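Only one chain is given next, in structure tokens, and it is the form predicted on its own.
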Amino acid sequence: MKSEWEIFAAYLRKNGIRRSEQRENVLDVFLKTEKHLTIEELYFLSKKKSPEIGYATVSRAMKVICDAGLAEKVDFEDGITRFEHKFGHEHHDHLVCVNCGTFIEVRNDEIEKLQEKMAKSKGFTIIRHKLQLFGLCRECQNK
């Protein structure tokens, strides 16, 4: 299996995108940070490694990283775009608290099978999906 770096390099070559140290630094920071990052968070983390890096450069780098299949945008309907690791990470869904913004990654094989069964019964082939359940976390319910 190819590494994230090999996939990224192949994507750049295939699409005629030049290699850049700043873009690679953004990828390195993203890959080493196992959380749902905003562009702003990624910018501040990347700036520690590359002080000259700009916000727009980080934003453009994340578009390329997503297009290469290494990251995915996540929208929890709070007006903030986050990015999560895609390559080498198992599919999961999210429980999102509408009060405090906490989100929890969840996986349930029964739900996955039910979605497949439902799609098949309608003659539909699922290519990808996202399940996000919005509600109140335990802490917010107890307040």
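The structure displayed is predicted, hence computed values, not measured ones. In this text, rigid core is short for the largest set of C-alphas that superpose within 1.5 Å between two forms. Note that residue numbering follows the sequence shown and begins at 1.
There is another form of this protein, the form predicted in complex with another copy of the chain, and it is not shown here; the text below is about that form.
- Against another copy of the chain in the model of the complex, the set 10, 39 and 44 makes no contact: no member has a heavy atom within 4.5 Å.
- For the candidate set 67, 28, 75, 34, a heavy atom within 4.5 Å of another copy of the chain in the model of the complex is found for exactly one residue, namely 75.
- In summary, the region of this chain contacting another copy of the chain in the model of the complex, judged by heavy atoms within 4.5 Å and restricted to 57 to 65, 82 to 90, 100 to 108, 44 to 52, corresponds to 100 to 108.
- Although the partner is absent from this view, residue 19 stays clear of another copy of the chain in the model of the complex, with no non-hydrogen atom inside 4.5 angstroms.
- In the model of the complex, another copy of the chain sits within 4.5 Å of a heavy atom of residue 128.
- In the model of the complex, another copy of the chain stays beyond 4.5 Å of every heavy atom belonging to residue 3.
- Heavy atoms of residue 14 never reach within 4.5 Å of another copy of the chain in the model of the complex, leaving it off the interface.
- Although another copy of the chain is not shown here, in the model of the complex the stretch 108 to 140 places heavy atoms of 108, 110, 111, 114, 115, 118, 119, 122, 123, 124, 125, 126, 127, 128, 129, 130, 131, 132, 133, 134, 135, 136, 137, 138 within 4.5 Å of it, in sequence order.
- With the core superposed, residue 124 shows a C-alpha displacement of at least 2 Å between this form and the one not shown.
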